[in-house]
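Below sits a lone chain in C-alpha coordinates, taken as the form predicted alone.
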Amino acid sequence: MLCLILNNYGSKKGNSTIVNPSPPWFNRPAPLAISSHIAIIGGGIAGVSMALHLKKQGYKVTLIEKKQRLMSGASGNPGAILEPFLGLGKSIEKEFYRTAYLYALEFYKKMGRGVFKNCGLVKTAQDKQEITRFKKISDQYCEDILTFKNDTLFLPQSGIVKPDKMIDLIDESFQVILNTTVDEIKYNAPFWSLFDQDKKTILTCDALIVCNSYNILKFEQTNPLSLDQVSGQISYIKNHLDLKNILSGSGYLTPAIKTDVGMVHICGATFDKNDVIAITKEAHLENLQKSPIDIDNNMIVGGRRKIRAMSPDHLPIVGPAPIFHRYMSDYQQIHHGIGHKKFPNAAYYENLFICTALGARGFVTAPLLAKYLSAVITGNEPDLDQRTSNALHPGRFIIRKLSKK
(Lines give C-alpha, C1' and ligand atoms only; values in the text may rest on other atoms or scores of the structure.)
Protein backbone atom coordinates (compact mmCIF):
# COMPACT_ATOMS: atom_id res chain seq x y z
CA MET A 1 0.00 0.00 0.00
CA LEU A 2 1.37 3.41 -0.92
CA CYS A 3 2.06 5.75 1.95
CA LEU A 4 0.23 8.73 0.45
CA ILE A 5 0.79 11.95 2.34
CA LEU A 6 -1.32 14.93 1.28
CA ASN A 7 -1.41 18.34 2.86
CA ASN A 8 -4.80 19.36 4.22
CA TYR A 9 -6.67 22.00 2.30
CA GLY A 10 -8.38 23.92 5.07
CA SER A 11 -9.65 22.36 8.27
CA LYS A 12 -12.83 20.60 9.33
CA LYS A 13 -15.42 22.14 11.62
CA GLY A 14 -18.48 19.97 12.04
CA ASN A 15 -19.55 18.82 8.60
CA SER A 16 -18.22 21.86 6.74
CA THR A 17 -14.80 22.71 5.40
CA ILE A 18 -13.17 26.00 6.31
CA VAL A 19 -11.00 26.88 3.35
CA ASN A 20 -7.77 28.73 4.00
CA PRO A 21 -8.14 32.27 2.66
CA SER A 22 -6.10 33.10 -0.43
CA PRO A 23 -4.76 36.50 -1.46
CA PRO A 24 -7.08 38.07 -4.08
CA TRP A 25 -4.55 37.56 -6.89
CA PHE A 26 -4.73 33.80 -6.35
CA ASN A 27 -8.50 33.47 -5.96
CA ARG A 28 -10.16 30.74 -7.97
CA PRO A 29 -12.58 31.54 -10.82
CA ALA A 30 -16.26 30.58 -10.84
CA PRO A 31 -16.91 26.88 -11.58
CA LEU A 32 -17.80 25.71 -15.07
CA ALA A 33 -21.02 23.79 -15.71
CA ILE A 34 -20.47 20.06 -16.26
CA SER A 35 -22.39 20.18 -19.55
CA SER A 36 -19.74 22.50 -21.03
CA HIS A 37 -17.51 21.76 -24.00
CA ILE A 38 -13.79 22.13 -23.19
CA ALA A 39 -11.10 22.23 -25.87
CA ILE A 40 -7.50 21.36 -25.04
CA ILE A 41 -4.62 22.57 -27.20
CA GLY A 42 -1.68 20.16 -27.07
CA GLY A 43 -1.72 16.37 -27.25
CA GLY A 44 1.30 15.61 -25.06
CA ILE A 45 1.17 14.03 -21.61
CA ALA A 46 -0.24 17.26 -20.11
CA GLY A 47 -3.09 17.48 -22.62
CA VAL A 48 -3.89 13.76 -22.60
CA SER A 49 -3.93 13.61 -18.78
CA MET A 50 -6.12 16.70 -18.68
CA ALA A 51 -8.54 15.27 -21.21
CA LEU A 52 -8.86 11.96 -19.35
CA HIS A 53 -9.62 13.71 -16.06
CA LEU A 54 -12.16 16.12 -17.55
CA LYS A 55 -13.89 13.32 -19.44
CA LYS A 56 -14.25 11.47 -16.13
CA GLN A 57 -15.87 14.58 -14.64
CA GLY A 58 -18.50 14.53 -17.38
CA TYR A 59 -17.34 17.33 -19.68
CA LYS A 60 -17.40 17.13 -23.46
CA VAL A 61 -13.72 17.26 -24.43
CA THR A 62 -11.91 17.93 -27.69
CA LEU A 63 -8.15 17.47 -27.82
CA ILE A 64 -6.25 19.25 -30.60
CA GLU A 65 -2.74 18.17 -31.63
CA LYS A 66 -0.58 19.75 -34.34
CA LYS A 67 1.16 16.49 -35.26
CA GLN A 68 -0.26 13.35 -36.85
CA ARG A 69 -0.10 11.40 -33.61
CA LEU A 70 -0.71 12.13 -29.95
CA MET A 71 2.28 12.21 -27.62
CA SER A 72 4.80 12.41 -30.42
CA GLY A 73 6.69 15.50 -29.22
CA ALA A 74 8.57 15.76 -25.93
CA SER A 75 6.13 13.20 -24.48
CA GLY A 76 7.01 10.63 -27.13
CA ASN A 77 9.91 8.95 -25.34
CA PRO A 78 9.46 5.18 -25.89
CA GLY A 79 9.79 4.71 -22.16
CA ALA A 80 9.35 7.52 -19.63
CA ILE A 81 10.79 6.80 -16.18
CA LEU A 82 8.95 7.82 -13.03
CA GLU A 83 11.51 9.40 -10.73
CA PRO A 84 10.43 12.09 -8.27
CA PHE A 85 12.47 15.06 -7.12
CA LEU A 86 13.85 13.96 -3.75
CA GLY A 87 14.57 16.77 -1.33
CA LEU A 88 15.07 17.45 2.35
CA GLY A 89 12.94 19.52 4.66
CA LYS A 90 9.42 20.75 3.94
CA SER A 91 9.88 22.74 0.76
CA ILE A 92 6.93 23.23 -1.59
CA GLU A 93 8.92 21.58 -4.38
CA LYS A 94 9.63 18.44 -2.35
CA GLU A 95 6.06 18.04 -1.11
CA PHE A 96 4.57 18.72 -4.55
CA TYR A 97 6.77 16.18 -6.33
CA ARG A 98 6.20 13.53 -3.68
CA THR A 99 2.43 13.93 -3.96
CA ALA A 100 2.66 14.02 -7.77
CA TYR A 101 4.80 10.87 -7.85
CA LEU A 102 2.42 8.88 -5.69
CA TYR A 103 -0.62 9.96 -7.66
CA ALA A 104 1.16 9.22 -10.96
CA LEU A 105 1.85 5.65 -9.81
CA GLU A 106 -1.81 5.20 -8.99
CA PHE A 107 -2.95 6.84 -12.25
CA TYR A 108 -0.80 4.79 -14.62
CA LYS A 109 -1.31 1.48 -12.82
CA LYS A 110 -5.08 1.81 -13.07
CA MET A 111 -4.84 2.18 -16.85
CA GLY A 112 -3.66 -1.39 -17.34
CA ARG A 113 -3.06 -2.45 -20.97
CA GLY A 114 0.69 -2.40 -20.49
CA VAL A 115 0.86 1.37 -19.89
CA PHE A 116 3.06 1.01 -16.80
CA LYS A 117 5.86 -1.47 -16.07
CA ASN A 118 6.89 -1.63 -12.42
CA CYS A 119 10.61 -2.45 -12.31
CA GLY A 120 11.88 -0.29 -9.43
CA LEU A 121 14.59 2.35 -9.56
CA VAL A 122 18.04 2.30 -7.95
CA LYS A 123 19.56 5.73 -7.34
CA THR A 124 23.32 5.77 -6.83
CA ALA A 125 25.14 8.47 -4.87
CA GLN A 126 27.89 10.40 -6.67
CA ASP A 127 30.05 11.04 -3.60
CA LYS A 128 30.19 10.66 0.19
CA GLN A 129 28.29 13.89 0.70
CA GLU A 130 25.40 12.54 -1.36
CA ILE A 131 25.44 9.27 0.59
CA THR A 132 24.86 11.30 3.76
CA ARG A 133 22.09 13.20 2.00
CA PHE A 134 20.47 9.93 0.84
CA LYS A 135 20.38 8.65 4.42
CA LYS A 136 18.65 11.84 5.60
CA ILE A 137 16.18 11.65 2.72
CA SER A 138 15.29 8.05 3.55
CA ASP A 139 14.40 9.11 7.11
CA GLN A 140 11.70 11.41 5.70
CA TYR A 141 9.95 8.89 3.45
CA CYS A 142 7.94 5.74 4.08
CA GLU A 143 9.70 2.48 3.26
CA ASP A 144 7.19 1.62 0.55
CA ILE A 145 8.27 4.80 -1.27
CA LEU A 146 12.02 4.36 -0.86
CA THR A 147 14.64 2.57 1.19
CA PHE A 148 18.32 3.24 1.85
CA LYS A 149 20.71 0.31 1.49
CA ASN A 150 24.33 -0.14 0.43
CA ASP A 151 24.70 3.62 -0.04
CA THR A 152 21.87 3.70 -2.62
CA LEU A 153 18.20 4.63 -2.62
CA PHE A 154 15.72 2.08 -3.92
CA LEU A 155 12.27 3.16 -5.12
CA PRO A 156 10.35 -0.13 -5.37
CA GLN A 157 7.16 1.38 -6.83
CA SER A 158 8.93 3.20 -9.66
CA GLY A 159 8.93 2.07 -13.25
CA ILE A 160 8.45 2.94 -16.89
CA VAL A 161 5.45 4.53 -18.62
CA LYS A 162 4.87 3.62 -22.28
CA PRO A 163 3.20 6.55 -24.06
CA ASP A 164 2.25 4.52 -27.14
CA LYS A 165 0.08 2.31 -24.93
CA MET A 166 -1.72 5.35 -23.47
CA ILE A 167 -2.85 6.42 -26.93
CA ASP A 168 -4.90 3.24 -27.17
CA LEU A 169 -7.09 4.53 -24.32
CA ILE A 170 -8.64 7.30 -26.44
CA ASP A 171 -12.02 5.93 -27.52
CA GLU A 172 -14.75 7.22 -29.82
CA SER A 173 -16.43 9.29 -27.12
CA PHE A 174 -13.28 11.35 -26.87
CA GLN A 175 -12.86 13.72 -29.80
CA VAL A 176 -9.32 14.15 -31.10
CA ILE A 177 -8.31 16.53 -33.90
CA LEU A 178 -4.86 15.69 -35.29
CA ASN A 179 -2.52 17.42 -37.70
CA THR A 180 -4.07 20.78 -36.84
CA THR A 181 -2.21 23.84 -35.57
CA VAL A 182 -4.10 26.45 -33.57
CA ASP A 183 -2.66 29.80 -34.63
CA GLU A 184 -4.97 32.17 -32.75
CA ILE A 185 -7.58 32.10 -29.99
CA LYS A 186 -10.34 34.67 -29.44
CA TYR A 187 -13.09 35.09 -26.90
CA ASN A 188 -16.49 36.20 -28.13
CA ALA A 189 -18.78 35.81 -25.14
CA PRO A 190 -19.75 33.21 -24.20
CA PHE A 191 -17.49 31.12 -26.47
CA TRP A 192 -13.83 30.69 -27.33
CA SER A 193 -12.99 30.38 -31.01
CA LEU A 194 -9.87 28.65 -32.30
CA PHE A 195 -8.38 29.56 -35.69
CA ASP A 196 -5.77 27.96 -37.93
CA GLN A 197 -3.01 29.79 -39.84
CA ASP A 198 -5.47 30.60 -42.65
CA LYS A 199 -7.80 32.28 -40.13
CA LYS A 200 -10.34 29.49 -40.58
CA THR A 201 -12.32 28.46 -37.52
CA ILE A 202 -11.28 25.08 -36.15
CA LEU A 203 -14.00 25.00 -33.49
CA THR A 204 -15.77 26.99 -30.80
CA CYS A 205 -16.04 25.90 -27.19
CA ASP A 206 -17.17 27.00 -23.74
CA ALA A 207 -13.75 26.76 -22.15
CA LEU A 208 -10.18 26.35 -23.30
CA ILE A 209 -7.05 24.83 -21.74
CA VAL A 210 -3.67 25.57 -23.30
CA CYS A 211 -1.26 22.66 -22.76
CA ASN A 212 1.09 23.09 -25.71
CA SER A 213 4.37 23.58 -23.84
CA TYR A 214 6.54 26.51 -25.05
CA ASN A 215 4.15 27.08 -27.99
CA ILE A 216 1.82 28.66 -25.46
CA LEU A 217 3.79 31.86 -26.06
CA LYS A 218 2.31 32.24 -29.56
CA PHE A 219 -1.06 33.34 -28.15
CA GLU A 220 -1.63 36.98 -27.21
CA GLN A 221 -3.38 36.00 -23.97
CA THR A 222 -0.53 33.83 -22.69
CA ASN A 223 2.50 35.43 -24.35
CA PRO A 224 3.63 37.32 -21.19
CA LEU A 225 4.52 34.03 -19.48
CA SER A 226 8.22 33.53 -18.86
CA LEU A 227 9.42 30.18 -20.20
CA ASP A 228 12.74 28.59 -21.11
CA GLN A 229 13.07 26.14 -23.97
CA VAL A 230 14.98 23.08 -22.78
CA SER A 231 16.39 20.64 -25.31
CA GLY A 232 16.92 17.06 -24.23
CA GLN A 233 18.45 14.07 -26.03
CA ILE A 234 18.27 10.39 -25.11
CA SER A 235 20.47 7.64 -26.52
CA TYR A 236 19.39 4.17 -27.59
CA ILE A 237 21.84 1.51 -26.42
CA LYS A 238 22.07 -1.96 -27.92
CA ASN A 239 20.29 -4.54 -25.78
CA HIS A 240 23.19 -6.30 -24.11
CA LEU A 241 22.64 -5.74 -20.38
CA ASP A 242 20.60 -7.85 -17.97
CA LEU A 243 19.01 -4.96 -16.10
CA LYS A 244 16.05 -5.56 -13.82
CA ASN A 245 15.81 -2.02 -12.42
CA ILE A 246 16.16 1.51 -13.73
CA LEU A 247 19.60 2.78 -12.76
CA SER A 248 19.84 6.46 -11.89
CA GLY A 249 22.71 8.73 -10.97
CA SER A 250 23.69 11.92 -12.75
CA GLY A 251 22.09 10.17 -15.74
CA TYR A 252 19.87 7.10 -16.08
CA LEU A 253 19.76 3.74 -17.85
CA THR A 254 16.67 1.60 -18.32
CA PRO A 255 16.02 -2.11 -18.73
CA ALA A 256 15.41 -3.09 -22.37
CA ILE A 257 12.47 -1.30 -24.00
CA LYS A 258 10.80 -1.94 -27.34
CA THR A 259 11.33 0.91 -29.83
CA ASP A 260 11.14 1.46 -33.57
CA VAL A 261 14.76 0.23 -33.80
CA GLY A 262 14.14 -2.89 -31.71
CA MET A 263 14.79 -3.66 -28.05
CA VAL A 264 17.18 -1.11 -26.56
CA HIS A 265 18.25 0.41 -23.28
CA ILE A 266 17.51 4.12 -22.98
CA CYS A 267 20.34 6.25 -21.65
CA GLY A 268 19.77 9.90 -20.86
CA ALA A 269 19.27 12.62 -20.78
CA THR A 270 20.90 15.89 -21.76
CA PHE A 271 19.44 19.14 -20.51
CA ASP A 272 20.29 22.28 -22.45
CA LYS A 273 18.57 25.66 -22.48
CA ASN A 274 18.28 25.95 -26.23
CA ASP A 275 15.99 25.00 -29.10
CA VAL A 276 18.34 22.54 -30.84
CA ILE A 277 16.39 19.61 -32.29
CA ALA A 278 19.14 17.79 -34.22
CA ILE A 279 20.64 14.67 -32.64
CA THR A 280 24.32 15.26 -31.95
CA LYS A 281 27.33 13.05 -31.22
CA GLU A 282 28.27 15.40 -28.39
CA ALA A 283 24.94 14.76 -26.64
CA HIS A 284 25.36 11.00 -27.07
CA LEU A 285 28.81 11.28 -25.46
CA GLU A 286 27.37 13.31 -22.58
CA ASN A 287 24.74 10.63 -21.96
CA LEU A 288 27.40 7.90 -21.90
CA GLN A 289 29.54 9.93 -19.51
CA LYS A 290 26.57 10.33 -17.13
CA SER A 291 25.48 6.69 -17.43
CA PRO A 292 25.40 4.82 -14.09
CA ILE A 293 27.51 2.07 -15.67
CA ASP A 294 30.22 2.15 -18.34
CA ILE A 295 29.00 1.82 -21.94
CA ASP A 296 31.09 1.88 -25.12
CA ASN A 297 29.97 4.40 -27.72
CA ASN A 298 29.80 1.66 -30.35
CA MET A 299 26.72 0.39 -28.49
CA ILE A 300 24.68 3.44 -29.54
CA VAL A 301 22.06 2.47 -32.13
CA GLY A 302 19.98 5.65 -32.25
CA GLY A 303 18.46 8.42 -30.20
CA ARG A 304 15.80 11.05 -29.87
CA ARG A 305 15.83 14.79 -29.17
CA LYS A 306 12.91 17.06 -28.31
CA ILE A 307 12.22 20.39 -26.62
CA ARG A 308 10.40 20.98 -23.34
CA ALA A 309 9.31 24.13 -21.53
CA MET A 310 10.49 25.12 -18.06
CA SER A 311 9.53 28.00 -15.78
CA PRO A 312 12.06 30.24 -14.00
CA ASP A 313 11.43 28.51 -10.64
CA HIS A 314 11.28 25.00 -12.21
CA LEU A 315 7.70 24.40 -11.01
CA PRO A 316 4.85 23.88 -13.49
CA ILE A 317 2.50 26.73 -14.39
CA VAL A 318 -1.09 25.65 -13.83
CA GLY A 319 -4.36 27.47 -13.26
CA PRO A 320 -6.63 30.17 -14.66
CA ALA A 321 -5.04 32.51 -17.21
CA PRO A 322 -4.45 35.99 -15.76
CA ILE A 323 -5.13 39.15 -17.72
CA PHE A 324 -1.54 40.23 -17.28
CA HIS A 325 -1.92 44.00 -17.81
CA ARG A 326 -4.73 44.02 -15.25
CA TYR A 327 -2.49 42.24 -12.74
CA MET A 328 0.17 44.90 -13.30
CA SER A 329 -2.27 47.74 -12.68
CA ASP A 330 -4.44 46.16 -9.96
CA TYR A 331 -1.53 44.98 -7.80
CA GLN A 332 1.16 47.58 -8.40
CA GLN A 333 0.93 48.65 -4.74
CA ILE A 334 1.37 45.22 -3.14
CA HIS A 335 4.99 46.00 -2.25
CA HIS A 336 3.49 48.11 0.54
CA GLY A 337 1.93 44.94 1.99
CA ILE A 338 -1.37 43.14 1.60
CA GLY A 339 -2.91 45.26 4.38
CA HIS A 340 -1.99 48.51 2.63
CA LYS A 341 -5.31 48.68 0.76
CA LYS A 342 -8.16 46.49 -0.40
CA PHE A 343 -7.12 44.80 -3.62
CA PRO A 344 -9.59 43.51 -6.23
CA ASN A 345 -9.94 39.82 -6.99
CA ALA A 346 -7.83 38.41 -9.81
CA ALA A 347 -8.74 39.41 -13.36
CA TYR A 348 -8.83 36.24 -15.45
CA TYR A 349 -9.70 35.58 -19.06
CA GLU A 350 -13.14 33.97 -18.96
CA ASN A 351 -12.82 30.16 -18.90
CA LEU A 352 -9.23 30.13 -20.16
CA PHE A 353 -6.77 27.89 -18.32
CA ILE A 354 -3.06 27.06 -18.52
CA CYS A 355 -1.06 23.88 -17.93
CA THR A 356 2.55 24.21 -19.08
CA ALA A 357 6.23 24.19 -18.02
CA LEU A 358 6.27 20.58 -16.86
CA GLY A 359 10.00 20.39 -17.65
CA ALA A 360 11.79 17.05 -17.47
CA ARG A 361 9.29 15.40 -15.06
CA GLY A 362 6.12 15.73 -17.11
CA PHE A 363 5.08 12.10 -16.70
CA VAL A 364 5.45 12.43 -12.93
CA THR A 365 3.49 15.67 -12.59
CA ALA A 366 0.92 15.69 -15.42
CA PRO A 367 -1.67 13.39 -13.78
CA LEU A 368 -1.78 15.37 -10.52
CA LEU A 369 -1.81 18.69 -12.36
CA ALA A 370 -4.76 17.45 -14.42
CA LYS A 371 -6.60 16.34 -11.31
CA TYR A 372 -5.89 19.67 -9.63
CA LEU A 373 -6.98 21.81 -12.59
CA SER A 374 -10.11 19.66 -13.00
CA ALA A 375 -10.99 20.53 -9.40
CA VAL A 376 -10.42 24.23 -10.07
CA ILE A 377 -12.67 24.08 -13.14
CA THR A 378 -15.47 22.13 -11.44
CA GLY A 379 -15.28 24.08 -8.20
CA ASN A 380 -14.40 20.98 -6.16
CA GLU A 381 -11.77 20.98 -3.44
CA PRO A 382 -8.28 20.24 -4.83
CA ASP A 383 -5.84 17.77 -3.29
CA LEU A 384 -3.13 20.43 -3.15
CA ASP A 385 -3.02 22.82 -0.22
CA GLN A 386 -3.32 26.57 -0.73
CA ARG A 387 0.41 27.17 -0.40
CA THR A 388 1.18 24.73 -3.22
CA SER A 389 -1.70 25.97 -5.37
CA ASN A 390 -0.34 29.50 -5.10
CA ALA A 391 3.17 28.27 -5.99
CA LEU A 392 1.83 26.82 -9.27
CA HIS A 393 -0.41 29.77 -10.16
CA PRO A 394 0.22 31.45 -13.56
CA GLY A 395 0.20 34.90 -11.95
CA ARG A 396 2.88 34.17 -9.38
CA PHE A 397 5.78 35.72 -11.29
CA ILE A 398 4.01 39.06 -11.68
CA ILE A 399 3.15 39.11 -7.99
CA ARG A 400 6.75 38.35 -7.02
CA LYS A 401 8.05 41.06 -9.30
CA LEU A 402 5.61 43.66 -7.96
CA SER A 403 6.28 42.64 -4.35
CA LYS A 404 9.98 43.48 -4.75
CA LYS A 405 9.48 47.06 -5.93
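Worth saying up front: this structure is predicted, and the values here are computed from it rather than measured. Residue numbers here begin at 1 and follow the sequence given.
What comes next is about the form predicted together with a small molecule, which is not displayed.
Trainee: Any chance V364 has a heavy atom within 4.5 Å of the small molecule in the predicted bound form?
Mentor: Judged by the heavy-atom cut-off of 4.5 Å, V364 is in contact with the small molecule in the predicted bound form.
Trainee: According to a 4.5 angstroms non-hydrogen atom cut-off, is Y103 in contact with the small molecule in the predicted bound form?
Mentor: No.
Trainee: May I ask you to state whether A360 is within 4.5 Å of the small molecule in the predicted bound form, using heavy atom distances?
Mentor: Yes.
Trainee: Decide whether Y141 counts as a contact residue for the small molecule in the predicted bound form under a heavy atom distance cut-off of 4.5 Å.
Mentor: The answer is no: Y141 has no heavy atom within 4.5 Å of the small molecule.
Trainee: Given the small molecule in the predicted bound form, answer whether the residues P24, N380 and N390 all have a heavy atom inside 4.5 Å of it.
Mentor: Checking in the predicted bound form: none of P24, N380 and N390 is within 4.5 Å of the small molecule.
Trainee: With the small molecule left out of view, choose which of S250, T280, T181, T147 has a non-hydrogen atom within 4.5 angstroms of it in the predicted bound form.
Mentor: Looking at the other structure, the residue within range turns out to be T181.
Trainee: Which one, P78, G232, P255, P224, lies within 4.5 Å of the small molecule in the predicted bound form by heavy atoms?
Mentor: Partner contact (heavy atom, 4.5 Å) among the options: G232.
Trainee: Which is the contacting stretch out of 320-328, 124-132, 303-311, 110-118, given heavy atoms within 4.5 Å of the small molecule in the predicted bound form?
Mentor: Among the listed stretches, the partner-contacting one is 303-311.
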